[in-house]
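The form predicted on its own is given below as one chain in structure tokens.
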């Protein structure tokens, strides 16, 4: 490993011996060397000569304040992956014909670093993010990489910028791995050049007041994803194309869109979140239900964790099943709905209080005793994320 450390205006190059490298903390699984990939052992580090002033807590929104360094890894069809590079945070230089700009050949991930008990830094189930990113790369015809090697590079980046991880149980450091085509041509083709980069951002609450339930606007005239599409991948096109509907939702007095699909108005996602319904189902059973991973739904890390957590409790039925607006309206009429909530990395758990559908405002129970499940799930997850509960779901930086 080559480390470039800046002292004043002078850059020093420090070569670590094998013995020193063996003493570096390493908690990633063994790399899969069958995949042609960059290697964390080849990481080059160029430290910034000038460090930024960190903002006061509460003076930053979501994803607006970035740390001192970033990770970049270039790839070409002819030369393969280049050595990973951690360098001062800065702008990218892209060819004007870059196909990620013209044809959306790109993808991203989102995970967080938390400062918890003992001042230790933790990631929450990061290999699930790495695996999901690798699957999206395959779908986008972008180059494969070893997920464990990327995670180790990210760990080193966080280690370098660790002072940016907030000392707060209501804030964290958001990690945004991104993979884009840098193919410099207007032809629509599989990229022969790409760039993988990772940036870090201090974040607080995703919504202005996450304690309050949000409102959703449900209208089947807009579709987030479709069978055979890329709704199960974190690609920019899934989000940019949703903005028009999002602003129409605001015009109707709602904060987010409840995405529907098909003639039976299947419930799919809530804004950028997976959605859960806690209710008494048609068979009279207490059930926690969420739409299945049928290609329309993003396989959320928080979603998976909620399913595993509540199934372990074994207190009520937990299912992945299709849900329709007809079922929801009928259940509300019969007072069988206990609560509805969204889940995701950004918000963790977000209660839903109203749904506007076909000109009607549907009030969702979410106050008092009915909201105990949402609160319980949120507490158990955040206790794990911040290290208050010991779990193999956390990865120490």
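Residue numbers count along the first chain shown, from 1. Fair warning: this is a prediction, and the values are worked out from it, not measured in the lab.
Just so it is clear, the following notes concern the form predicted in complex with ligand COI, a form of the same protein that is not shown.
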Is this site open or blocked for ligand COI? Place it by superposing the surrounding C-alphas onto its pose in the model of the complex, then apply the 2.4 Å backbone/C-beta contact test with a threshold of 3 atoms.
open
What stretch, of 173-181, 261-269, 222-230, 152-160, brings heavy atoms to within 4.5 Å of ligand COI in the model of the complex?
173-181
Work out which of 197, 103, 89, 108 lies within 4.5 Å of ligand COI in the model of the complex, going by heavy atoms.
108
Would you mind picking the one in 303, 234, 193, 115 that has a heavy atom within 4.5 Å of ligand COI in the model of the complex?
234
Against ligand COI in the model of the complex, would residue 346 count as a contact residue? Criterion: heavy atoms within 4.5 Å.
yes
Does residue 66 reach ligand COI in the model of the complex, with heavy atoms at most 4.5 Å apart?
no
Does residue 357 make contact with ligand COI in the model of the complex, using a 4.5 Å heavy atom cut-off?
no
Just to confirm, residue 247 within 4.5 Å of ligand COI in the model of the complex by heavy atoms?
no
